[in-house]
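The chain below stands alone, shown as structure tokens; this is the form predicted on its own.
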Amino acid sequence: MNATVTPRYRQVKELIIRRISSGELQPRDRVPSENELVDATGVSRMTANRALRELNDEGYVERIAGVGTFVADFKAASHVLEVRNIAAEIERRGHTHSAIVLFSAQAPGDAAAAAALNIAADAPLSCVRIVHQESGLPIQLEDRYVVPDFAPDFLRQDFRITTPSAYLSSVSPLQEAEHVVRAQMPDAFTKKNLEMSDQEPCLVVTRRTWAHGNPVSFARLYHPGSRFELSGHYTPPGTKTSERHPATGETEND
């Protein structure tokens, strides 16, 4: 059986993505032009154009007519659906984030994780289980599964200091995210680690993220119902944004 050959345009894309992921190319740095890519890689002008065009469409770079192509400033991007770093959220509230790592190893994930990541049920994944605390009070139990090839050093990180979301975002810009939210009664393990009362429900956020066109991470995030809420604000295109009080929802014009 012949091995699958990666198309040349995709090879060029991966070359640039690797330079961005490694930090060689920083946000707002100039990316090689079509002519420079032709000279450096030997591909055709059409192939170089397609690679840059797709990188632009996927959010890795910004193409400015008559000026050049530049690495996108990912930190400045804002999306309706955000992949949030819980440590940063806690710090914005003026509180202290801490974490307890309960499990960290390479092992097969469960059936749902394998299906979400499009891998065989017995394929190894980088798995962590972490309790995130806000000023000493448990607020999130995180079960995280990561494709090893995407982040080979994932399990070498000290997740008491950095969160999995923050580290994965530093490895490579995430292209796409999917969130599913549901309420359920916790099992004994979750209830114990989140210090929940017997009749308290938990809010579960299931998160799947993509990079390089493939799903690379799957997580279940459990939260005590009495200590967590999800919020968001949406303004339709063309509508003037009002000044809104976070707690009451009242606007300056009310």
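Take the two forms, find the largest set of C-alpha atoms that superpose within 1.5 Å, and that set is the rigid core. Computed from a prediction, not measured in an experiment: that's the story for all the values here. We number the residues from 1 along the sequence you see.
Missing here is the form predicted together with the DNA; even so, the following discussion is about that form.
Undergrad: Even though the DNA is not shown here, does Val43 get within 4.5 Å of it in the model of the complex, heavy atoms only?
TA: Flag for Val43 set to yes.
Undergrad: Would you please decide whether Glu58 lies within 4.5 angstroms of the DNA in the model of the complex, comparing each non-hydrogen atom pair?
TA: Close contact is absent here: in the model of the complex, Glu58 is far from the DNA, nothing within 4.5 Å, heavy atoms only.
Undergrad: Arg28 near the DNA in the model of the complex, any heavy atom under 4.5 Å?
TA: Heavy-atom contact with the DNA at 4.5 Å: absent for Arg28.
Undergrad: I'd like to check something about Arg63: if you look in the model of the complex, is any of its heavy atoms closer than or equal to 4.5 Å to a heavy atom of the DNA?
TA: Yes, Arg63 sits close enough to the DNA in the model of the complex that at least one of its heavy atoms falls within 4.5 Å.
Undergrad: Counting only heavy atoms and a 4.5 Å cut-off, does the DNA in the model of the complex sit next to every one of Gln184, Gln199 and His223?
TA: So, no: the whole triplet misses the DNA.
Undergrad: Note which of His212, Arg207, Arg50, Arg227 lies within 4.5 Å of the DNA in the model of the complex, where distance is taken over heavy atoms; exactly one does.
TA: Comparing distances to the DNA in the model of the complex, the residue within 4.5 Å is Arg50.
Undergrad: Which of the residues spanning 179-212 lie within 4.5 Å of the DNA in the model of the complex, based on heavy atoms?
TA: Heavy-atom contacts to the DNA in the model of the complex: nothing from 179-212.
Undergrad: Using a superposition on the rigid core, decide whether the Cα position of Val216 changes by 2 angstroms or more between the shown form and the other one.
TA: The answer is no; the displacement is under 2 Å.
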